[in-house]
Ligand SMILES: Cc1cc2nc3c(=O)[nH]c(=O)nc-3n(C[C@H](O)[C@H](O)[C@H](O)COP(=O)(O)O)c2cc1C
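Starting off, we have a lone chain in the form predicted on its own, written out as structure tokens.
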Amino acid sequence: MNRIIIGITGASGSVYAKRLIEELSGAGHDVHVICSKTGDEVFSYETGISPEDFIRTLGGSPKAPVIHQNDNLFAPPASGSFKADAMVIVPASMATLGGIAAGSLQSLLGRSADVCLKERRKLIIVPRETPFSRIHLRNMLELTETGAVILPAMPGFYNHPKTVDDIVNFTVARILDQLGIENTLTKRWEGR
């Protein structure tokens, strides 16, 4: 079992976070969720359910996720002594990405990402914006050089997706691969 922090920001792509949380929670991992204010609004708009209500629907999972308020800097993920294995920010807005790169976010989400970097824990950032500006690319390079993994939501099509779920599962499978968690969400490339 892993302890994974999931950060959700105001970028479009909440379905990636929703699917990742379902997968981790269903497998019994200890999941801690932090939403920015706009992340909460976008999640509700795109999925038709608030993050809090969605988390409640997972109460029957082997390990129900815990949701933390983004303004609560006394929450466990704000401390390096909270032994999280990794953090995934999905979807990641460019404002959040830039704030983490500059070390200047005054929120639980930003502090948790900073803790992962300072403690040399895995930080996976899934930007969902296109095209990238030069500033975005510089911030991504800065974070990569600091130890973060930048994993844009860019699906492959060699597995011949038939549904939107297939496309979402491709990216979620890549995130799980980076976390070292086995999964069968998508068909893997085995050559022609």
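Because the structure is a prediction, the values reported are computed rather than measured. One rule holds for the numbers: they count along the sequence shown, beginning at 1.
Another form exists, predicted together with this ligand; not displayed. Remarks below refer to it.
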### Task
Among 51-59, 31-39, 163-171, 142-150, mark the stretch whose residues have heavy atoms within 4.5 Å of this ligand in the model of the complex.
31-39
#### Entry: Q178: touches this ligand in the model of the complex, heavy atom cutoff 4.5 angstroms
no
### Query
in the model of the complex, does N183 have a heavy atom within 4.5 Å of this ligand?
no
### Task
Please check if S112 has a heavy atom lying within 4.5 Å of any heavy atom of this ligand in the model of the complex.
no
### Message
With a cut-off of 4.5 Å between heavy atoms, is H68 one of the residues that contacts this ligand in the model of the complex?
### Response
no
### in the model of the complex, residues of 88-118 near this ligand [heavy atom within 4.5 Å]
S93, M94, A95, T96
